[in-house]
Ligand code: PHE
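In structure tokens, one chain follows: the form predicted alone.
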């Protein structure tokens, strides 16, 4: 009759004891105590038994090691089964209870950037007035960016302090007006275009300036276009964008490619925190004017026959006014907490500039 190793007998007795304790465990905390007590690497009782392997003969160690592994696996299965049983029956497993009062987690979804929202809104208004969209290259030549627009190269705007030159006479366009020139070169009047796009200047990066920003240019050329058409079109746009109570004024100004030129200001109605409606101060929203005859002649148009008007605005600055945002840089810092306020899922806190 083969004599059984006493360590194997001890392991079997320990298994019987542990299985009885697991079946009787009342809660998850006590179950975890049992797990550590029997299976813990340092203080576990099975590990304590295995420390006696060193005193055995070499041929006695493998059977004891195999039995220890069997008992470990048996206890692991019993622990997992008891944990699942308590979870199914609703017994306390020691895990934190689910807080049903927590707000639901919303799936993050993309949204249109607030500056692009303003561009789309401006485009929708001018599209309804018969404008079509036009595009042009962001890297252009001095001819399209300056000379064709009646701006000599010794003009301060053409200086390298303001313009980003790439190579020779190629530069990053400093406005979207080159699109007007390219459109007139390819098409005969009537022309009615809106040209949104990125432009680049050597501006500082601060609350009201960025070296790269969006701009929207508009151009109308046809026979008989007058200053009355110019004022009526832009006043109609301002009232549709800012609201029917918006007041519009045109201040004399100067641009090389328009004559006469004007700055367009608006005075709009804003909502205060208490719900009252008050009138804002005058705010500049764009520069504009009648197309200079020299520009028309540079593209081959008969300046005696055709006239037109042009305008340009910065949608990012308009977005500042529309949403009451204090710093232009907030639009470009990619802070999801800020940008998500302008999506349809999260209503904006900046729908109007509000008084404190």
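Residue numbers count along the first chain shown, from 1. All values reported here derive from a predicted model rather than from experimental measurement.
Although it is not shown, the form predicted in complex with phenylalanine (PHE) is what the next lines describe.
Although the partner is absent from the chain shown here, none of 225, 292 and 307 has a heavy atom within 4.5 Å of phenylalanine (PHE) in the predicted complex. In terms of contact with phenylalanine (PHE) in the predicted complex, the residue from 287, 324, 44, 28 that brings a heavy atom within 4.5 Å is 287.
Residue 255 is the only one of 123, 200, 250, 255 with a heavy atom lying within 4.5 Å of phenylalanine (PHE) in the predicted complex. Contact check for residue 38: no non-hydrogen atom falls within 4.5 Å of phenylalanine (PHE) in the predicted complex.
Proximity of residue 312 to phenylalanine (PHE) in the predicted complex falls within the 4.5 Å heavy atom cutoff. Taking the partner from the other structure, phenylalanine (PHE) in the predicted complex has a heavy atom within 4.5 Å of a heavy atom of residue 175. Phenylalanine (PHE) is not shown here, and in the predicted complex it never comes within 4.5 Å of any heavy atom of residue 163.
Annotated contact segment (heavy atom within 4.5 Å of phenylalanine (PHE) in the predicted complex): 255 to 263, selected among 235 to 243, 255 to 263, 183 to 191, 69 to 77.
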